[in-house]
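The chain below stands alone and is given as structure tokens, in the form predicted on its own.
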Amino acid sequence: MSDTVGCTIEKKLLPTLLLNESKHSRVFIPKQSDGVTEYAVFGKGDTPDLEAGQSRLSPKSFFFPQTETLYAFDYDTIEPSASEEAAEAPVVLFAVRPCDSASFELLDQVFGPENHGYHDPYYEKKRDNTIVVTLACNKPGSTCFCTSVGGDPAGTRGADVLAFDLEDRLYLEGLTTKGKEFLARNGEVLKEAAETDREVANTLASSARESMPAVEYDRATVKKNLDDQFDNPIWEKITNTCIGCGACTYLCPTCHCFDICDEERHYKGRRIRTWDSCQYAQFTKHASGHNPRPTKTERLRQRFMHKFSYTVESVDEVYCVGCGRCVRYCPVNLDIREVLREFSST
């Protein structure tokens, strides 16, 4: 918990705060429909569903869209795309869960300057112009395991503001300059928090941590075992039920593979970036026809090696935030936690 004095807002005043923000920003809030939670544009009369739980799709698409036009062209002229112009608009992502906001920092290392000084202007503009208000989890889901991979149900990583649900009100703390400015300009509906509010928030955070299911996972041990057992037949057993649908990668907050293609007709066209998946047979197929990962076994192994070995070696990070989406939505019940247990024994 930050040493900064926090503030509170009555839940009934949240629409007022969000309406105020919507005058100069696009505001997105969690909404539930038919039992599915997604982020949707806030409109007058809307109220964020703070009890809806984790969204089905991670909010990574706000910075790394599933389909994005990088630029348009007309013969020998390059024209800015609508997505590039939209990236300039300020955005507020409200009530993002800590696992998802943590994933933003991991994506920063891929698309931001931390990646050896490389800059992706499309991604960076969106990140720079977005305020992330993270809502701590009071009741983590049954498939959540963020604490096992270095996360926290009340984690601050990637967040500009951290909020706690205290039943009739939210307790908020500004974590970054953007976050503190967000709170300052909404001072009319905010109150300075009492010490008891912070204590309640701490208690809720501790309770949430204790409720998290334990996963036997040690980063160094798993990395070593993955490296040493690259050709272990266990991979075939793990892959037996996999159907290669790629749902795990599309739902994952940290998966970031993409393809780029051009659409052109009569000298006019556009260059498009779209999500791709290492689980697809065509993903590594060469122009020669050779495919270094011809079977599901090699492709599924790549997913785990990337998250728990290669990124540990390259950027000292595990590219899994323990959100549990790949567990919850896998059509054949493949469980990433069981794979981690398999490679956790010394």
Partner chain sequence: MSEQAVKANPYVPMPVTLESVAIENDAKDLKTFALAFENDEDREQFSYLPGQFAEVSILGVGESPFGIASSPTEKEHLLFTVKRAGSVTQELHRLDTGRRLGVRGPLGNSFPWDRIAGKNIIIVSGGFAFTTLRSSITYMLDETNRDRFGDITVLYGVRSPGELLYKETIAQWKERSDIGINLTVDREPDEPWDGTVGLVPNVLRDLGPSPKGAIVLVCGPPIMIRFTIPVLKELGFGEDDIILSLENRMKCGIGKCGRCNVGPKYVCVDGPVFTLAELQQLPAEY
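Residue numbers count along the first chain shown, from 1. Predicted, not measured: the structure shown is a model, and the values here were computed from it.
One more form of this protein, predicted in complex with the partner chain, exists but is not displayed; see below.
Novice: Could you tell me which stretch in 95-103, 253-261, 152-160, 192-200 has residues with non-hydrogen atoms within 4.5 Å of the partner chain in the model of the complex?
Specialist: Selected stretch: 253-261.
Novice: Check Lys44 for me: does it contact the partner chain in the model of the complex (non-hydrogen atoms, 4.5 angstroms)?
Specialist: It does not: once the partner chain is placed as it appears in the model of the complex, Lys44 has no heavy atom within 4.5 Å of it.
Novice: Does the 4.5 Å heavy atom contact test between Glu313 and the partner chain in the model of the complex come out positive?
Specialist: Contact check for Glu313: yes, within 4.5 Å of the partner chain in the model of the complex.
Novice: Should Thr284 be counted as a contact of the partner chain in the model of the complex, where contact means heavy atoms within 4.5 Å?
Specialist: Because a heavy atom of Thr284 falls inside 4.5 Å of the partner chain in the model of the complex, the answer is yes.
Novice: Given that the partner is absent here, does Arg271 sit within 4.5 Å of the partner chain in the model of the complex, heavy atoms only?
Specialist: So Arg271 counts as contacting the partner chain.
Novice: Given that the partner chain is left out here, which of Phe182, Trp235, Tyr122, Tyr171 has a heavy atom within 4.5 Å of it in the model of the complex?
Specialist: Only one option qualifies, and that one is Tyr122.
Novice: Counting any non-hydrogen atom inside 4.5 Å, which residue from Thr176, Asn129, Asn115, Gln229 sits next to the partner chain in the model of the complex?
Specialist: Exactly one residue meets the criterion: Asn115.
Novice: Does any residue in 297-330 get within 4.5 Å of the partner chain in the model of the complex, counting heavy atoms only, and if so which ones?
Specialist: Counting only heavy atoms within 4.5 Å of the partner chain in the model of the complex, the contacting residues of 297-330 are Glu298, Arg301, Gln302, His306, Tyr310, Glu313, Ser314.
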